[in-house]
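Listed next as structure tokens is one chain, alone, in the form predicted alone.
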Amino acid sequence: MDFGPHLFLATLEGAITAAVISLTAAGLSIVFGIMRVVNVAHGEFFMLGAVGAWWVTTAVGGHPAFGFAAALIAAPLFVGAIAALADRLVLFRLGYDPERTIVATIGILYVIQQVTLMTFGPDARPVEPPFNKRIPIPWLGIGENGLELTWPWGLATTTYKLAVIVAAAVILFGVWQFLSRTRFGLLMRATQLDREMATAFGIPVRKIYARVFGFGAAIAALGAVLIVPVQQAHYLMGTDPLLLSFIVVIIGGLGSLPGTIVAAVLIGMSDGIISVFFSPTLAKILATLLVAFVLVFRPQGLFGKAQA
């Protein structure tokens, strides 16, 4: 295959990575922006979404579309409920102290991981996509007669991979509308601006925090449900999404949803292209170096606001 078609396939894989990471990082960014909590267990909530999708699709049976549709609803709700419970039982009791909540979420990470290992097992398990038609992609190249439309062998994608990109964009737009146009979104933003003032005006900050923590985890779980037909569900699959989410949130700006989306596209596309042409390890190294440059020259991130 020529360089051009190869680059096109790498770009497509990068777009899928960007779509999923934008959802995962958006959940992490919302939690930090409102609660000022660095959720180290965020990747495990992503993993729970994938494992939950496998459980639901296996239980429903029948045509894959029925099980997958059920998983899109059940898995994020289940993960969100677990995250909200973790907030009530652990983070609230620590007073959302930044240092102690980091240690606490590390503990939550290992608890979730080991419980999943004991119940789900160590093996990776696939989830069948609801649809997966192969789509050959034509390529405009230079042939004997000049520019020719060809069909390179192997240059193809699937309908489901394209659907993942579209679905992620729709979900992110829905999250943006939810935060900007609903009453709960208004309460979240009021709590973010001034927790003490929000409490003085009768806003139930404790309930807001629990729901925000659950909401962020549910968004990550939704991203996992979308990607698990492409990747297999595994109890250790939360590590890479967590790392990439932290990289995206730092580059985009802590608490900035637009910055998170822009950074997710940048990191996801570069990760996909570099992983295909070189190695996934090099992609992670370069992304980490980019974080270092951002922290040195623009600590608030590309779209974040500098502290007064």
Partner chain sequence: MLEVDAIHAAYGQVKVLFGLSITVRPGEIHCLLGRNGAGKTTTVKSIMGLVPLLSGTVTMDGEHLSELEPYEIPGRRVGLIPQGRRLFAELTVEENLEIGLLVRNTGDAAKERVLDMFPRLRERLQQPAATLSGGEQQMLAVARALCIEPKVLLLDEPTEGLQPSMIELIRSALKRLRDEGVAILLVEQRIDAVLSVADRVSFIENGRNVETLPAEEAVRDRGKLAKYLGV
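This one's a predicted model, so the numbers in the text were calculated from it and none came from an experiment. Residue numbers count along the first chain shown, from 1.
Not pictured, yet referred to below: the form predicted in complex with its partner chain.
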### Query
So, 84, 88 and 97: all three within 4.5 Å of its partner chain in the predicted bound form by heavy atoms, or not?
no
### Contact of residue 204 with its partner chain in the predicted bound form (heavy atom, 4.5 Å)
yes
### Query
Does residue 189 reach its partner chain in the predicted bound form if we count a contact as any heavy atom within 4.5 Å?
yes
### Query
Even though its partner chain is not shown here, does residue 183 get within 4.5 Å of it in the predicted bound form, heavy atoms only?
yes
### Query
Any of the heavy atoms of residue 158 lying within 4.5 Å of its partner chain in the predicted bound form?
no
### Task
Identify which of 175, 230, 167, 198 has a heavy atom within 4.5 Å of its partner chain in the predicted bound form; exactly one of them does.
198
### Summary
Given 74-82, 189-197, 215-223, 119-127, the stretch touching its partner chain in the predicted bound form at heavy atoms within 4.5 Å is 189-197
